[in-house]
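Take a look at this one chain, the form predicted on its own, written out in structure tokens.
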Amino acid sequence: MDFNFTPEEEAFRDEVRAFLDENLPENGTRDMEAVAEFQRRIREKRWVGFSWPKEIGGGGGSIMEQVILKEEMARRKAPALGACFMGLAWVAPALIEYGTEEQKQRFIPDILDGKYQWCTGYSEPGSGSDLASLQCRAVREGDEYIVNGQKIWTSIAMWSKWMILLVRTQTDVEAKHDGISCLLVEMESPGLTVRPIKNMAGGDMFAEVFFDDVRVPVENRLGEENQGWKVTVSALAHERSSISEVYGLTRSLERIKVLAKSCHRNGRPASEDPGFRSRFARADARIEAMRLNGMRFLTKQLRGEPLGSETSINKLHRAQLEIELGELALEIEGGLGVLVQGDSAVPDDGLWQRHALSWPEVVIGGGTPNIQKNIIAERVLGLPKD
């Protein structure tokens, strides 16, 4: 694959850089009014959903142009491209591939405009690592499904308006991946209850969601009945293939390197310690491996090939690196690593302490490391099923 950019693509890069020079909020993401105005302007340029078809509100741009756009935004630490993360990352791509025209017109414009948030109803108390064994049940009655059951570890459920939900619509199946359907459920539906789950840092990104005779119109089913597993595989592939995660990890590592210059170990800056320097090098190499894997995925997309289970490789890398980088930062801080935010002696205002207490939100989302390892072993390497 030739990754040299065409003159037209380089001209687009120049356009993105000029836009960021003029419009990037001075205080990063801390000034919410400035961020909102920035989001409005990138939406006007149709850079949100930039590679999606124009007829549904996207920008109609090429995949390579979208890569350029994300690269330049990440390098400048710009606010996210759009305010509806889950909607943009995998709900809308699933709608584009499997949704009816009515569903596309109903949901995609709101996702692009960031009018509200989406959450994902996948994991259950007894089916986290084995998602296909889910038991949340939907029985069809006329033009509605009646949903009963429970979901857990549902990210941002407390402030989401809609959920993309996996339910079992058929029980007498030979393979557990069959008989599953995907529904789009309004969170204010009668019988739906959300209970926050506090993490160790006091945040409540996750929640339990209970369904007690929740009625969902059949028109809100995404894809064919009993074929929801295909929708899910497609949606998660989009989430796990994000190249922009590489730049986030790079920024974290660079911040840790700066931290190492200000913290001392054995009478000298931690940045001069051979052990820490070796770990910096290994992290750099693994982040570069993620970038190159992302290029493999990009090559498949440019060839018109669907993304598959190989995207779990980057998801696994990211999960492991999130934990290891946090542990590395706390080791560099030494005794100061046990202090919390608010103490004047705490480096980075307790950033890495909070990170250490809240990393499950990143590591669990989209499937735990053990799930990714099973997927890679079975579907990429062809090893026997666990």
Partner chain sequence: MNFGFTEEQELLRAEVRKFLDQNCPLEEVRKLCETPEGFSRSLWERMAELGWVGLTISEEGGGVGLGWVDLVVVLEEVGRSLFPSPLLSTVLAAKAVDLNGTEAQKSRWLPGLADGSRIGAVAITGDEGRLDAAGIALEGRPDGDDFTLDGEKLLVMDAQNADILVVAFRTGSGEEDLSLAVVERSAKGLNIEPHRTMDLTRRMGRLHFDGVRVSADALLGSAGSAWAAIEHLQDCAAAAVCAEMVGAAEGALKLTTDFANQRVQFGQLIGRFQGVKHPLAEMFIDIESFKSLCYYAAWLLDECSPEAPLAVSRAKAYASESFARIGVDSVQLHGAVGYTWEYDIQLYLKRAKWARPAFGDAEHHYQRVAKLRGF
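Residue numbers count along the first chain shown, from 1. What we label the rigid core is the largest C-alpha set whose atoms superpose within 1.5 Å from one form to the other. These numbers were taken from a predicted model, which means no experiment stands behind them.
As for the form predicted in complex with its partner chain, it is not shown, yet the points below apply to it.
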property	result
Any non-hydrogen atom of K373 within 4.5 angstroms of its partner chain in the predicted bound form	yes
4.5 Å heavy atom contact, L316 and its partner chain in the predicted bound form	yes
Proximity of M64 to its partner chain in the predicted bound form, heavy atoms at 4.5 Å	yes
S278: touches its partner chain in the predicted bound form, heavy atom cutoff 4.5 angstroms	yes
Candidate spot A36, H177 and P190, all three touching its partner chain in the predicted bound form (heavy atom, 4.5 Å)	no
Segment assignment from 115-123, 136-144, 208-216, 282-290: heavy atom within 4.5 Å of its partner chain in the predicted bound form	282-290
Single option in K77, R195, K261, K230 placed near its partner chain in the predicted bound form, where near means a heavy atom within 4.5 Å	K261
Residue among E254, E186, D204, E97 with a heavy atom within 4.5 Å of its partner chain in the predicted bound form	E254
Interface residues of 287-308 toward its partner chain, as seen in the predicted bound form [heavy atoms, 4.5 Å]	E288, A289, R291, L292, N293, M295, R296, L298, T299, L302, R303
Threshold 2 Å Cα movement between this form and the one not shown for S309, core superposed	yes
Exceeds or equals 2 Å, Cα of M73 between this form and the one not shown, core fit	no
Exceeds or equals 2 Å, Cα of L20 between this form and the one not shown, core fit	no
